[in-house]
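One chain comes next, on its own, written out as structure tokens in the form predicted alone.
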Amino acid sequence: MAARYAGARPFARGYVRHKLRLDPVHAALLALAGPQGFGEVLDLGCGRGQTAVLLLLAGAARRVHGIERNRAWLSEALRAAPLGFVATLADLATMPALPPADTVLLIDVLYQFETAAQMALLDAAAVAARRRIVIRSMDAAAGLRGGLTRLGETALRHLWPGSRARINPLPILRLTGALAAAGWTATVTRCAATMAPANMLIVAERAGAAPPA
């Protein structure tokens, strides 16, 4: 799959190879999709699109709509992605609403926003998703693991020029509580790598939601 980024900049090629090889979130998403798949996916903060490419090539998504504010990253995603990927250049902090999808992904996105913006984006995702919301965020209440994750994220900020300037993880219980208030049932599991031991995966499902067609 990394070969699809052969025309990208050297750093982008290395980044994608690293993420696919070492980040456990990709295997977790494929396992979660299962034989039914995710249906139509809205990938918020899709970056260079490696998650979208993976899901489409694996048949785990019928269509992926990526939203990203970094023009260069989005261009790399569009060049690499197979049919079924569409993209919108936009800042999630200023979008009044999100387009509907069966599954909404918020992978390593929420903790980059101020608290009020995080909650607003979570509310918007709860409205947009027809079946499932998948979030990965670092747990602010994880003690030493949380401190190490925050330290690693801070140390690498200079490598991600399109990332937001802040690191503002909220307690996972606050996020799941907001989802529950919106009518979603959430489960939480660790989805951590060596440099990010406090990363958690939140999977929220709407009671009675039909599987994607």
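Model, not experiment: these values are computed from the prediction. For every residue, the number given is its place in the sequence shown, counted from 1.
This protein has a second form, the form predicted in complex with a small molecule, left out of what is shown; the following refers to that one.
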Options 30-38, 44-52, 58-66, 173-181; stretch whose heavy atom lies within 4.5 Å of the small molecule in the predicted bound form: 44-52
Partner proximity in the predicted bound form: M119 to the small molecule, non-hydrogen atom cutoff 4.5 Å: no
4.5 angstroms heavy atom contact with the small molecule in the predicted bound form for V109: yes
Distance check, A90 to the small molecule in the predicted bound form, heavy atom within 4.5 Å: yes
Contact test in the predicted bound form: N168 vs the small molecule, heavy atoms, 4.5 Å: no
